[in-house]
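This document starts with one chain, in the form predicted alone, laid out as structure tokens.
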Amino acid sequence: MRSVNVMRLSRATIDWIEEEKASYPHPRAALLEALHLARAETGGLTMEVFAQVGDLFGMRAGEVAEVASFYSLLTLPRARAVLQVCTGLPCCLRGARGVVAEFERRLSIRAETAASDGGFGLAEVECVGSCATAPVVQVNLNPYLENVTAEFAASLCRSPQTAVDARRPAPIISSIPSGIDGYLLPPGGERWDSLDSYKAHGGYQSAAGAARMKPEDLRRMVEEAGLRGRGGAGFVTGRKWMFMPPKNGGPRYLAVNADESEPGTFKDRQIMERNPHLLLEGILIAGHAIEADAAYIYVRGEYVDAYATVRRAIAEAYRAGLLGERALALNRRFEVRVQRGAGAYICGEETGMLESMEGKKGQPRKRPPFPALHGLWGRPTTVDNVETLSHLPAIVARGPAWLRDRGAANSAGHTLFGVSGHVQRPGVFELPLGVSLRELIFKHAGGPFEGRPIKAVIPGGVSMPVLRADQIDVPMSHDALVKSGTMLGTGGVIVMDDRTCMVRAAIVVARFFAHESCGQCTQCREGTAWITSILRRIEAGAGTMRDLDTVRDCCTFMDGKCICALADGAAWSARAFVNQFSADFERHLTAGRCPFDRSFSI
């Protein structure tokens, strides 16, 4: 019998895994990191590798494989250089399909496969959170290659090693417009990514001030400021903190959501890469307010640079005594750790994230109980978004009235608006809530290419209902957008010009939701698949008028019927596309083909 060589995990990798396990109250929290390390070392996750990892966690190989199979970054084609092309809506609008075609032609492989020699693999992936620099390619788990042209894509095909070695500096695409007193981003394209640079601009003074306050007074201050969560739901932050029960002697946690996966959304990455200590200072303030013992930051797995930058910032903070045994002015222990996700949009949902943080499949939990009572490892937990926490130093330093004066009614303060798609200057802009959508698109993002007319705008990430061009004279605030039939969401604005086929846009968004459904709710699993299938049939010219009613029925079947809001977002999106742009859909049905010859490709 021929022997089979099984690659063993190295001693260095095992030691790293053991060190990660020791960082958590429950060792299984290090499972995803272990799988990342094992895949990087062995080139692919096999049952033999699952068995080795399982031995380190007291799990069977099948249990480890079940977790790994849930995450797209752990199930990529096995090859020395896996070329991942983002085909989310912003990237498709900027030519991602041409990049995929270039790779397929030059490498003679199709997406989701690998070459027979194991050199190249190719995968189409959902939004990677770099929408302003579309199209985007990621090779293995290297930093992004942004603004990719067909010519640059061709250069990656010279050899697997060429692709693995390719690097492009990440462009600065976030800014504070002139006349705005910014407090989230460093000005002028600066990076305050070291402790010295952050402290030189007053860093950690607010945390020291907050530590002198009683936790209940700090909670009240943030509630009075009117800060609403910037992760999409928009709940009042100080009020959320008050849901935490009284201390009972056991540990309490802050879970930081940095799993920024909503297509059109790429703001948290700007804070983590350019101003990571602002986030850590916000974590210290929130940790004191909710009397937490530790904070765990969950960063999406594709954010390689952001993860590394935050990890370095945490190490600096420990060396400076800001974290650890006697954290800054808290006179008690406070720990901060960062975890990597592994490619699953659903882990941006707070309970799906908690499941993933515990080393499980990221399937959302049924509620009640809510995280404030039963969160990480069954303990009281508050979940806050990166940008939300980054507001806290300014609130403590300047007071709640100062924040309320910046923004709109019921929408206090600034936010980081991301603008992508068919605009001349895509990017992230720090502006007060209440700025008009028209001003955001035309003044700050430069308007569409060649002065073309706008056809449609998604105002807050693809879960939010799309607006027509005649609806963009609306303030970007929670209340005003609701009155317009949509929502602020994450403030991720996607602009589509008059060449865009709205059926194709609807397909790309529907495909995203179908791909990212965790599958545990029938309405979501089946509904997202049905909507995608029907829209494809319409786009191909083979649909009927009844299909439009079927899409609307599917949306009703899904909306508000599932454990989490993924099905809601899918329904809101599809329904809005069909209702707002019914003429586009009907033209497909009457012409028997797509009538928009200059639209982007899918």
Ligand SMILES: Cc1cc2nc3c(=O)[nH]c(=O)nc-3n(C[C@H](O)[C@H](O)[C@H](O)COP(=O)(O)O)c2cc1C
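It should be emphasised that the depicted structure is a prediction, and the values quoted were computed from it without experimental measurement. In this text, residue numbers run from 1 along the sequence as written.
The following text describes the form predicted together with the ligand, which does not appear among the structures shown.
With the ligand left out of view, which of Ser356, Asn257, Ser390, Thr415 would have a heavy atom within 4.5 Å of it in the predicted bound form? After the contact test, the surviving option is Asn257.
Sort through Leu440, Val148, Val423, Val383 and report the residue having a heavy atom within 4.5 Å of the ligand in the predicted bound form.
-> The residue in contact is Val383.
So in the predicted bound form, does Gly182 come within 4.5 Å of the ligand, heavy atom to heavy atom?
-> It does not: once the ligand is placed as it appears in the predicted bound form, Gly182 has no heavy atom within 4.5 Å of it.
(message) Given that the ligand is not shown alongside this chain, does Tyr198 nevertheless sit within 4.5 Å of it in the predicted bound form, heavy atom to heavy atom?
(response) Looking in the predicted bound form, residue contacts with the ligand do not include Tyr198, since no heavy atom lies within 4.5 Å.
- Quick one: does Glu350 come within 4.5 Å of the ligand in the predicted bound form, counting heavy atoms only? Glu350: yes, in contact with the ligand in the predicted bound form.
Q. Closest heavy atom of Gly118 to the ligand in the predicted bound form, within 4.5 Å or not?
A. Gly118 lies outside the contact set for the ligand.
_Quick check for you: of 151 to 159, 233 to 241, 446 to 454, 284 to 292, which stretch puts a non-hydrogen atom within 4.5 Å of the ligand in the predicted bound form?_
Every other range fails; the passing one is 233 to 241.
For 543 to 580: residues with a non-hydrogen atom within 4.5 angstroms of the ligand in the predicted bound form?
Residues within 4.5 Å: Ala565, Leu566.
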